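For reference, the chain that follows is the form predicted alone, supplied as structure tokens.
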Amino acid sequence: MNNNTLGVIFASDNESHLNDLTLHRTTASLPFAGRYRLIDFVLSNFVNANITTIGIVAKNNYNSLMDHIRMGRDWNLNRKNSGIVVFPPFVLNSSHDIYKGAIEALYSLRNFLVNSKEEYVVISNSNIAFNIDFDDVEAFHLEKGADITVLTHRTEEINPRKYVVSVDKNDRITDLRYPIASDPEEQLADLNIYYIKKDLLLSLIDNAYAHGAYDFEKEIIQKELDNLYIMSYEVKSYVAVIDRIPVYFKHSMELLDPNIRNELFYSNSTILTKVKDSKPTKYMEGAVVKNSMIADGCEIDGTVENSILFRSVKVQKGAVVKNSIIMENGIIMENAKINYVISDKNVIVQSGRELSGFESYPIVIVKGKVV
């Protein structure tokens, strides 16, 4: 892009559906894939398309997010002009009420939008792992003469909270709706990523806010289908929308497939994250590791199969970790056995303990617990 687009990222969404994993953090800072956070993907996609003015809309539990992004140094966004701005979770600076929806949040960013030099805005949730070229999105938007371009993807992961769309032969969206039981299994779903001219966005937000609306999809996208030229840009590469615990587990485990892993991290450009200086992982003489992703700084003296270990995890002698996700600084002590478990940061599984969930319903151990 020619640096004519600014980005807005919503850091919080689906916390209530991600349960124990978001008790102490926002969705944006949820660890993923061994050493990343979910916000890394949208941030990297923006930066790779030369989108360098980025507003992040916070809501709650965002201390870990602030620690992770460090004002954007690892994405080359710590600069005098443009860069990252994090906005507090209030509708207005003088208010202490947390915003109800995206319309109120965007209205609170009005001065940021008005004062920016960019002509276009791309709005995105932060719970999406993907690797796309926003230059292509811009080209599509301009070629189609669109008022709003909605990024979509085909998926079977449909739930009552996810909007699905219908399009005509020219990719114009003709319907935006919640799914119903009679819909086919695989559908074209809204990714909650929107490309729009800034002046049009401000006009739509001002009008919607003045009428007490707060749901962006319902009150703007859905309501304006007949009045505006709203197009669907279908993302056909790998996309993971993390909105529930089983989905988080499923997409994490998919990354053990090198083809999927390469598509997500290297198909378009590199996904960036916070750099940490960690020592190499140490494999003891008795270690057995099969089909797993192991981050830096780990110490393995037991068995690890079909699992993802974040930084500085310790698997002690005789311990067995299968089909599990162990986040940073986790310790699986001697002769403990876990299977289908998601273990948050700083968790200790004591010697001899056995924990086993199911692929469709893994056990989640909250941050800092000793079990």
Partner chain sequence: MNRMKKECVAMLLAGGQGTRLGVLTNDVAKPAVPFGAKYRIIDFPLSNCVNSGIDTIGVLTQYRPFELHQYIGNGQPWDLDRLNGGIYVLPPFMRAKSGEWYKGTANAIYQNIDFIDRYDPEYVVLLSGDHIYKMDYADMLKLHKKQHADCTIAVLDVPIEEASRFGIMNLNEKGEIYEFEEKPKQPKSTKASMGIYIFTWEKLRKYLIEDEADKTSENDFGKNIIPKMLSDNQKMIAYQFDGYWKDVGTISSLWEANMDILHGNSGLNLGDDKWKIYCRNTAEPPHYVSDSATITESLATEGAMIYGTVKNSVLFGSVTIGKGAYVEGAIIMPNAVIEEGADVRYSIVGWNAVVGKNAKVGETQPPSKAGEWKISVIAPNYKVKAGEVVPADKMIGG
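Positions refer to the first chain, counted from 1. Quick caveat: nothing in here was measured; it's all calculated off a predicted structure.
Beyond what is shown, the protein has a form predicted together with the partner chain; the following relates to that form.
Student: Using heavy atoms only and a 4.5 Å cut-off, determine which of 125, 281, 187, 108 is in contact with the partner chain in the predicted bound form.
Tutor: If I apply the 4.5 Å criterion carefully, the residue I get is 281.
Student: Considering non-hydrogen atoms and a 4.5 Å limit, which listed residue (191, 293, 77, 176) is close to the partner chain in the predicted bound form?
Tutor: Result of the distance check: 293.
Student: Could you tell me if residue 163 has a non-hydrogen atom within 4.5 Å of the partner chain in the predicted bound form?
Tutor: No - in the predicted bound form, heavy atoms of residue 163 and the partner chain never come within 4.5 Å of each other.
Student: Considering only heavy atoms, tell me if residue 285 and the partner chain come within 4.5 Å of each other in the predicted bound form.
Tutor: Taking the distances in the predicted bound form, the answer for residue 285 is yes, it comes within 4.5 Å of the partner chain.
Student: For residue 265, is any heavy atom within 4.5 Å of the partner chain in the predicted bound form, or not?
Tutor: Taking the distances in the predicted bound form, the answer for residue 265 is yes, it comes within 4.5 Å of the partner chain.
Student: Any chance residue 33 has a heavy atom within 4.5 Å of the partner chain in the predicted bound form?
Tutor: Within the cut-off, so yes.
Student: Only one of 207 to 215, 126 to 134, 149 to 157, 267 to 275 gets a heavy atom within 4.5 Å of the partner chain in the predicted bound form; which is it?
Tutor: Comparing against the partner chain in the predicted bound form, the contact stretch is 267 to 275.
Student: Using a 4.5 Å heavy atom cutoff, which residues in 115 to 135 contact the partner chain in the predicted bound form? It's fine if the answer is none.
Tutor: Contacts from 115 to 135: none.
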